[in-house]
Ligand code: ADP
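The chain that follows stands alone, in the form predicted on its own, written as structure tokens.
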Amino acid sequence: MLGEKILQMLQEEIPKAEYERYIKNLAYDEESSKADEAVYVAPNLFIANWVKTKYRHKIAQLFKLQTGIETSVKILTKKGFVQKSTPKEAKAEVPSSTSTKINPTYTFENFVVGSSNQFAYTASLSVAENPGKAYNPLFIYGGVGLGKTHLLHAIGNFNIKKNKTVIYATIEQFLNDFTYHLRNETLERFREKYRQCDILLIDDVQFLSGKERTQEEFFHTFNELHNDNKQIVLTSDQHPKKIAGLEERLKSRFEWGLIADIQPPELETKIAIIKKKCELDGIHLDDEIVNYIAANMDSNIREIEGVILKLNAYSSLVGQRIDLSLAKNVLSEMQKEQQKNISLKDIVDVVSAELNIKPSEIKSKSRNRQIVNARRMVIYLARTLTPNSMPALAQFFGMKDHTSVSHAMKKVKEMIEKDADFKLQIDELAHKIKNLGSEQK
């Protein structure tokens, strides 16, 4: 059967995990398909939306390759597909849920949870399970690329399965919609879209700043939804109190429910995120490579995912196995690392903060084991990241001569060779120090 053959061809071109999780569940409906139209049936709306979003055009290309005919591809659900039904019957079977574009790959199941995002994750899941009841609104804030949008879409996907009406939009899209309908005198259509949903998900509300007319409209939209016990979830890069140019009445309403922040992921969570991304995309990376990426990348999850995808693409194009050397080269290209003006004070400050030791203690003559270890780490990092000579470092620490510096270097190198966790800690410290130098340059 041609439809099944097309899926087998697709299997050769996509990650195994995606084929097993999504494409394998499609069934080709030969009776309903035509020469220029291929119909597949998915077991649920989630899989149907995912395939439509990511691979419908690719499937159409494969049909044209085999038949020479431009073919449209339909992905229906078992519930939405009723063979030989009357128009009235077909209408009754269509799922009642409607939504804007929700990324089907952003789910709670593939969100990596760590101490940095545990609270926001738990709050989002609670809202998804009890919309309009648990916390309304839910306001999630944090830096770029930390997972705020993922949680928004996860809430959306969870409720689309329950046939809820979900609207997702960035505040820019909300603004553009509003401006368009205002210009065309069709505001009722705009209000019907945003005020008659079960769940409203709005990304990047900080961009409401200074837009008085849009703030007015959003204020009334918020009030109507909230009064009807409809769930509102908002994200921003900062706490609502700190959003400049935002009306006080909006700030007040944003604080009515629950405010949850997402912090940059700690090293363990970054490692888990990399492993999860590799699992979902069918990419194999050795632990050494995973640890190197985690230690040498910033906390922006999108950038981390970009490195993984670039590694995989580079490996496929040149036929080279992904090893540590390749990972270092790719990271070097992406980050465009340069020598930076890093001071000894920078290194002492970063290490002391990481190990919870006072900077003055590191420079002291204390023989406390923890302080001695911290001092050795500073010496090693200083020799690695700065042009300071061993005599200069000895003078900085008030040591008798450079032999003490040499001894410290030897000890740290031995620990790096014997202890993978210690090596990982040194790598991450070096990355933080480089970033600090970059900011100060």
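Everything numeric in this text was worked out from a predicted model, so none of it was measured. When you see a residue number, it is the position in the sequence shown, counting from 1.
What follows is about the form predicted together with this ligand, which we do not show.
At the 4.5 Å threshold, heavy atoms of I301 reach this ligand in the model of the complex.
Taking non-hydrogen atoms only, G132 never approaches this ligand to within 4.5 angstroms in the model of the complex.
Though the partner is left out of this view, T149 does reach within 4.5 Å of this ligand in the model of the complex, counting heavy atoms only.
Using a 4.5 angstroms limit between non-hydrogen atoms, K277 touches this ligand in the model of the complex. Contact with this ligand in the model of the complex, judged by any heavy atom within 4.5 Å, is made by just one of T77, S126, N163, N110: N110. For the residues Y314, Y292, Y106, F119, the 4.5 Å heavy atom test against this ligand in the model of the complex is passed only by Y106. For this ligand in the model of the complex, the listed stretch (180-188, 211-219, 111-119, 316-324) containing residues with heavy atoms inside 4.5 Å is 111-119. Between the C-alpha atoms of F46 and N136, a gap widened by no less than 3 Å is obtained in the model of the complex, as opposed to the form on display. Look at I301 and W50: in the model of the complex their Cα atoms come 3 Å or more closer than in this form.
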